[in-house]
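Here we start with a single chain on its own, the form predicted alone, put down as structure tokens.
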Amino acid sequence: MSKVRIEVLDRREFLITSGAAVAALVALTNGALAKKPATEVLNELTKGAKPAEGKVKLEMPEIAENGAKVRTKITVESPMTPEDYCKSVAIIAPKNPATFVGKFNFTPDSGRAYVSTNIRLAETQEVWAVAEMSDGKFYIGKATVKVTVGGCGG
């Protein structure tokens, strides 16, 4: 009878390995969307539905002195109950070389649908935040940012 040797990863090895796998999967998924025009990205995210105005508050500075680091805050009005919650929020920057900036997922356990991050903007543009709700509806918030220097292009 042959012996089978099973190696067990310690917690640190497991976290490093699983984190790298998730990062690779996200990069592949985001990369496919990033290369598409903003209207196609919006259409894919909303499954062809036209998002309604409201429920999404996108806060960004009117003028960004450095396009490489633009403060972005998104809040979605939602009770965040198992029956009624915000599933995700995506950021689209139509004039960036990579129009799909990113997507943040939520569950009712998140407590509230809120994101605070920095994004890169190539030039002055209107940025879109698109929320997907648990009932299948989509909402959009928009903000125009004037970029004075820096950004993706230099």
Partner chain sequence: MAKPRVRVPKKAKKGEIIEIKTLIKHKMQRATKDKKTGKPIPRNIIHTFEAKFNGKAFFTGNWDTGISADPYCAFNHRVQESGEYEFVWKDDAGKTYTAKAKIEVA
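Quick caveat, the model's predicted, so the values are computed rather than measured. Positions refer to the first chain, counted from 1.
Omitted from view is the form predicted together with its partner chain, to which the following refers.
Though the partner is left out of this view, P94 does not reach within 4.5 Å of its partner chain in the predicted complex, counting heavy atoms only. Within this chain, G111 lines the site of its partner chain in the predicted complex, having a heavy atom no more than 4.5 Å away. Interface residue remark: T39 is not counted as part of the site for its partner chain in the predicted complex, having no heavy atom within 4.5 Å. In the predicted complex, its partner chain stays beyond 4.5 Å of every heavy atom belonging to V127.
Although the partner is absent from the chain shown here, none of K55, L58 and S134 has a heavy atom within 4.5 Å of its partner chain in the predicted complex.
Contacts between stretch 44-64 and its partner chain, counted in the predicted complex as any heavy atom lying within 4.5 Å, involve no residue at all.
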